[in-house]
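As a starting point, one isolated chain is supplied in structure tokens, in the form predicted alone.
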Amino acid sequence: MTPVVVVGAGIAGLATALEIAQFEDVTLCAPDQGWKQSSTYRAQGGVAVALGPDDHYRYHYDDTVRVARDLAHENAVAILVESGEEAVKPLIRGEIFEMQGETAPAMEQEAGHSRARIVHAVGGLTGRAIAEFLYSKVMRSSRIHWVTGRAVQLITGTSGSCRGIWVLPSSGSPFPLWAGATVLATGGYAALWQQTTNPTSSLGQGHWLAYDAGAALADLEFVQFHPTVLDEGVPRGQALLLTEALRGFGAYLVDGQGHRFMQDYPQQELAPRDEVARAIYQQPQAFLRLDHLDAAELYRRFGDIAQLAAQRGWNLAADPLPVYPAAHFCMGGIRTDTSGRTTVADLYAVGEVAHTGVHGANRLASNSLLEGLVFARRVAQYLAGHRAAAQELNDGALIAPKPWTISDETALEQLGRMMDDNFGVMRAGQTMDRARARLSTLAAQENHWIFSFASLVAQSALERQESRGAHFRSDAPHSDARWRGHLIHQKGRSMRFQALSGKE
């Protein structure tokens, strides 16, 4: 038994385990080398935080709410931006970020931001630098115990509260891990799309575990597509993202004739991601150009990204780089309050898997790593004052989960490009309806969680009959105030709409 188990080893999981370890033992459950298989490890841009002399958290708040397309929970946004400076201090002390002078991090501007407020690692692979830093601290902590394996089911008591997880090791049978509190930090579900920036493990399994245990999910239709992914036609999980920090550095987006098609937008190449993704999607061809920039400074700042591009045969400084939008970040997730509490007792969620409402319908660039840091502290602080004792169920009430009839890999093969073709950057009711019916059929025939969860995503996208943020419908191209709210899924209940009221 353990006081707390944290599932996941991205920024949210590692940071939550470290925060909890300040007051008690914690078990971290993730696959072997799982921290290298996280979206955090792939993240390039940086962390958004108002540290500049011309900046203030109120400006960061305004940008976040504006980009969220009138669907953000304003109290959650306030917590995010006001806590930012304190949350990144350990990383600054850990020498993660490029510095401007001895005490102040260098800052750059990214899409949707009104000011330069992105702190970043030299070379461009900020997420990897943060993951390595947090992982090394986890490995040095005597209070953090690593269990290698995947969480395949939550253990629930007769009252419905969460009592821990079933763990499937790389070899052998699943075993129960009892816990007083269970924290899901399992990331998003953007790898349901074949064209994705995410690792193939980002399929929404944490969402499904929570849903299967009775927790509420919200906003599954809102999936953000990163505008600039290198267009190479590679298999799912192998795409190379080209950070929008390159556009903040001065890169241009051009069409096949070399014309800059973002010039009519007020923020041009630094317009919010939903706008840039749609603009690129509607081009027969789109390219990112950096050949007009200082090559030496480009390689100094983005050397690691340039090396990754070179490994694929591209010269970052000289070549027109073909780009397309790919599924990147999920605003939808397990409904939580600002302390990470879900609708199931003793079950918590943090990071991309959680829905605090902080991102609304469209995430502001580089708010995701900040979210992991800030809400990891919030969950830990709540648990410090509300400790629950781990309790075992009677042996007769504990039933080991049965394996699925097909593997996740086989399910993904059958899913194919269905999500890309029907639930991509631009959507339409008729095609979504056909795809939803096909997913429902697959779920019934194959009895695999991937089809069941993708069906929930499809139902939400079909039901929201408007365009808002990352959800754009060609047959309903405008936002509608009647849809200012959340579509909620909960096991045993019909999908329902909950209007957003006040600051939530």
Ligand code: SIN
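Note that the structure is a prediction, hence the values are computed from the model and not measured. Residue positions are given as counts along the sequence shown, with the first one as 1.
Omitted here: the form predicted together with the ligand. The next part is about that form.
- Screening H355, H120, H226, H73 for any heavy atom within 4.5 Å of the ligand in the model of the complex leaves a single hit, H226.
- Listed residues D274, D219, E244, D346 were compared with the ligand in the model of the complex; E244 is the one with a heavy atom within 4.5 Å.
- In plain terms, the part of the chain that comes close to the ligand in the model of the complex, with a heavy atom within 4.5 Å, is 39-47 out of 39-47, 474-482, 453-461, 64-72.
- Remark: N198 does not count among the residues lining the ligand in the model of the complex, judged by a heavy atom distance of 4.5 Å or less.
- When the ligand is considered in the model of the complex, H207 lies well away from it, no heavy atom lying within 4.5 Å.
- Using a 4.5 Å cutoff between non-hydrogen atoms, H359 does not count as a contact of the ligand in the model of the complex.
- The closest non-hydrogen atom of S202 lies beyond 4.5 Å of the ligand in the model of the complex.
- Taking a 4.5 Å heavy atom cutoff to the ligand in the model of the complex, the contacting residues in 344-367 are R363, A365, S366.
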